[in-house]
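Next up: a single chain in structure tokens, the form predicted on its own.
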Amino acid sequence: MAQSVGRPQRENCGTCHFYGGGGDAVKHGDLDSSLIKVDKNLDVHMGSKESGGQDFTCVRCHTTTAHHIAGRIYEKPASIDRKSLLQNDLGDKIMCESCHGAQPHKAGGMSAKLNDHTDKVSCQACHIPEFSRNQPTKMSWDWSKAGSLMDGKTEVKNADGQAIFMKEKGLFTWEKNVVPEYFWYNGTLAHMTTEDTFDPTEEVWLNRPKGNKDDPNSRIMPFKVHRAISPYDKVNKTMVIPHLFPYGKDDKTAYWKNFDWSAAIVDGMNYAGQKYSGEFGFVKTNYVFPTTHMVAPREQALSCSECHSKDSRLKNITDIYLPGRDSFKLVDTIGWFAAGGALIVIFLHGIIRFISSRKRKED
């Protein structure tokens, strides 16, 4: 056994991370089993040498010291240090700058303008145009439909073999080639607990990216947003913890055995030591996953018009002025008058030049 020990390959890490949430591509839109043997067009870093990729394993970036695996979105934001491999000191956090530097594009021309974006726009925002480009990922989950049947069946699958309904869990939707949603992000997420209250008439964000336009460590970042309809405490206006998985044949409260939400929630909340009013309902919830894998080849990076247009991808980013997307009537009016005045001046200048040339010929 000792002689078989070696550096972990993508299969090792993927055993958990590709199948998180109960199946392949369920949880993360940018991590699934297609990354085990992958073409450059799906991920330039992990793509095979034959396809022109770098053939990186996970530990090429997620370096490890004494079982401490480098990450970027947990206790301490990576953006605080923004350390670089170019400085021979990565530390325990990973950013694109770790390898590519803060000015990743070639100097001069349009590349210079692209480098101007790196203080506000993450590399992932432009270089991961869609996620789940090889196989669908689960995008929604309706718990309120659990406990019943669909067309008399306890489970229904789509043409790709993914469950779109299960009696134990409810109704699902799956999507492929998904355009991310974009938020300001400083490397950390805010999480809701069972003690946090909310307005059930609005969508409840179980976690949310932290950051804003005035934070020098924040960048516009792409995310998968998983939407669900989840059980909650109607009186206390808090999320609940139902007891789902049966722990024995005599389990009288597990939802996946008895399909009784009331009993499952009472038992789960008691076990967790949380307050529960005894009344439950269902509320719309959102959960975000940062999108940082499945980096596409540079030829597939977003064009300027993807963001700088009326149909901008950055519709969630409303606290900044975005040329091509936004407009101010006063500024637009002044601009049109200036453009019109310039045309008039050019026209008059042409007439004067024409008249002057005619006079010179007559003389």
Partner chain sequence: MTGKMIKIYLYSKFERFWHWFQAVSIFLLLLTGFEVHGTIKLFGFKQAVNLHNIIGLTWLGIFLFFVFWMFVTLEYRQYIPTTKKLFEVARHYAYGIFKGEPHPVEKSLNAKHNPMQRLTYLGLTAILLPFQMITGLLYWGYNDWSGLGLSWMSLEVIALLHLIGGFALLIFLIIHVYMVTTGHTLTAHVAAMFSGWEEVHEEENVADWEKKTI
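Numbering follows the first chain given and starts at 1. Here the structure is a predicted model, which is why all the values come from computation and not from measurement. Between two forms, the rigid core is the largest collection of C-alphas that superpose within 1.5 Å.
Quick note: we don't show the form predicted in complex with the partner chain, though the next part is all about it.
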{"property": "Partner-facing stretch of 259 to 267, 159 to 167, 109 to 117, 174 to 182, counted where any non-hydrogen atom is within 4.5 angstroms of the partner chain in the predicted bound form", "result": "109 to 117"}
{"property": "Lys310: touches the partner chain in the predicted bound form, heavy atom cutoff 4.5 angstroms", "result": "yes"}
{"property": "Heavy atom of Glu50 within 4.5 Å of the partner chain in the predicted bound form", "result": "no"}
{"property": "Heavy atom of Cys304 within 4.5 Å of the partner chain in the predicted bound form", "result": "yes"}
{"property": "Heavy atom of Ile36 within 4.5 Å of the partner chain in the predicted bound form", "result": "no"}
{"property": "Partner contacts for 331 to 353, taking the partner chain in the predicted bound form and a 4.5 Å heavy atom cut-off", "result": "Val331, Asp332, Gly335, Trp336, Ala338, Ala339, Ala342, Leu343, Ile346, His349, Gly350, Ile352, Arg353"}
{"property": "Core-aligned C-alpha movement of Cys304 between this form and the one not shown, 2 Å or more", "result": "no"}
{"property": "Displaced residue check between this form and the one not shown: Thr333, CA, 2 Å or over, core reference", "result": "yes"}
